[in-house]
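First, one chain by itself in structure tokens, the form predicted alone.
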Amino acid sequence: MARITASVYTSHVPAIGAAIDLGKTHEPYWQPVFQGYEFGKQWLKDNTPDVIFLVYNDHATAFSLDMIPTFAIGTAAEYQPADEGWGPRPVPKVIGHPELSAHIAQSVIQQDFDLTIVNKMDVDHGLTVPLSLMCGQPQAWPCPVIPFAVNVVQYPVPSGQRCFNLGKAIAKAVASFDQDLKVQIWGTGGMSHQLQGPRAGLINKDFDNDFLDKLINDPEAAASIPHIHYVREAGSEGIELVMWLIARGAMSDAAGGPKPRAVRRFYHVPASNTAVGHLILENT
């Protein structure tokens, strides 16, 4: 059967993608950010999965404000990098895994989670920047990727508890797939940041590091954080952290198994006007 071997958590700041694409990674401002991902890049080479299930949010690229699914799973064979207004990023196309994604959709919907099934879409920086941070600039991504888009742009957005429970359902779906596949689940977005209004540029190191502590040691407590607390403490865009809870809910301890091993934790401010967080957990 298939199994989830690890979860990866990372911010997906668009300016990070621009810094990579424009060859600025060694500039003094950006060097500490990218140095923080050197461990993760080597770890991924040493632990390359058969499939990555990547949780991210679309930024009005595949979905406009006219139609916003709460949870959407990509079931296509491939996905092109999106043009977000300045041309597509110069990164490889994303190869999907239609069989596994269709199976996950079937299983998760039967577990009473409503998913939107997407057979065609482009993927924006929310998905491609995490891949670039962990893979560098390859000719092709190291394995197929299943895009899983979550609405954290337009309220109402799903609760942390809903996302954590969805992660459990995804793990159950993966475990019932009849191929021997190693699957990683990635949660992306965050950490604390606000892009508009009087608090634009807000970064809360204390909240971010407390969230990382909870994610590692007490994910149920992280799942219980209410929306208003994210907004007050982490800024309006800090709500993206609920996507990390999907990945955390898919780890074995959420279903009564052993606690995962934290093999990498990294935090840095600023990157553009955002706090950057990164975590890798391995199932034991």
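What you are looking at is a predicted structure, and each value in this text was computed from that prediction instead of being measured. Just count from 1 along the sequence shown to find any residue number.
Another form exists, predicted in complex with a small molecule; not displayed. Remarks below refer to it.
Between 95 to 103, 129 to 137, 191 to 199, 167 to 175, the stretch whose residues reach within 4.5 angstroms of the small molecule in the predicted complex through a non-hydrogen atom is 191 to 199. Taking the partner from the other structure, the small molecule in the predicted complex has no heavy atom within 4.5 Å of any heavy atom of Thr25. Remark: Val13 counts among the residues lining the small molecule in the predicted complex, judged by a heavy atom distance of 4.5 Å or less. Under a 4.5 angstroms non-hydrogen atom cutoff, the small molecule in the predicted complex lacks Ala19 among its neighbouring residues. Residue contact with the small molecule in the predicted complex: His59 places a heavy atom within 4.5 Å of it.
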